[in-house]
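First comes one chain, alone, set out as structure tokens in the form predicted on its own.
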């Protein structure tokens, strides 16, 4: 028995499958460019062994523990949110006991890929072999070839971008650079803690931003200068992109006086929900202005109702699997920003969505017109074979392939990176193979597009 089939995800029709396999073989060995993720720079700065299988596979991966939680497994039993696990083997056993829950999900494919390809495990994880799995993985994690830097090289990573707050010292990124290791691990500027009035500790964060930059962040002009100085600090360490996780895609174009008055209200803490959303909207436009000036690529990730489970948020904090997609409007929401900067040469915005209904109606037509816009790949809940298929079907007719940006994995689970990129490569090759057999695309063109979708577009989109 094998955990992963060599023809997985390829079309069922034999002729189409044969073409998909040829396309895949031509790009399977290309380097991985991971321009947006949530792995930790500290792993590579310190290059210490990963502690144990549970802390590697279960604790950082909200895809895993949200499914377990949905079936009644407590986050306390999974030791979520603790700095050091007390009983990782017990956590692993719970995970193995419930592995059947992942049948048919992309998470199952990612996990099986890592178990098979990295650790040589050929039997499906279950209650009965949980200890064998744990011991096999734990033993290998102690070997030099499983240290974070060795895995980076083994995965064929060319670029790995982390996601970082403007309040982060970036000391781990500096340590990586100063070590002489030639890997490209780059920070990404994620300003949510200092631009979202609903972010926990917002006012304290603004004050800290001022301290870090030497600017008076209590004034509108000083606050903007502080953000600009932070972006410059990120650029010095190789940053090429910003990332904005707003509830909506709304943008605004307030006058300087109106923006200053709104900032003052937000900073006092007496802004209502409408004013807070208007401030976030204005800040997306301010970030666009800064990107026009400094060349950083904008990524806008709207449409998630964050921390939907209030009790879980109060107990465990952010990013514990309780975020839920919402419907998102883009055409009118982005117009103030696009009216100001949409035709600026060199400006680039990558749009993501959790609302698939927007692809063909709004996002593809927008990206198919504005030179600054590109479509990000299926994201989060739609990072799946079905989501990738729907994306190509809904976006290609209007935006084509070249107004998209390849694939990014957006993961906290380091070992899932090659698995996720492998899924995307296989699905794209299957989509292209279908176009070939339908005589809608020449076979030579399909090989060129496969390489572009895998490697060239992402490097261009993120200016890597």
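Numbering follows the first chain given and starts at 1. Only a predicted model underlies this, so the values are computations on that prediction, with no experimental measurement involved.
Missing here is the form predicted together with a further copy of the same chain; even so, the following discussion is about that form.
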11, 66 and 393 each touching a further copy of the same chain in the model of the complex (heavy atom, 4.5 Å): yes
In the model of the complex, the residue from 93, 136, 248, 309 that sits within 4.5 Å of a further copy of the same chain by heavy atoms: 309
Single option in 319, 261, 355, 198 placed near a further copy of the same chain in the model of the complex, where near means a heavy atom within 4.5 Å: 355
4.5 Å heavy atom contact, residue 175 and a further copy of the same chain in the model of the complex: no
Residue 161: touches a further copy of the same chain in the model of the complex, heavy atom cutoff 4.5 angstroms: no
Any non-hydrogen atom of residue 106 within 4.5 angstroms of a further copy of the same chain in the model of the complex: yes
Interface membership of residue 424, a further copy of the same chain in the model of the complex, 4.5 Å heavy atom rule: no
Candidate stretches 201-209, 321-329, 228-236, 83-91 - the one whose heavy atoms come within 4.5 Å of a further copy of the same chain in the model of the complex: 321-329
In the model of the complex: members of 187-210 within 4.5 Å of a further copy of the same chain, any heavy atom: none
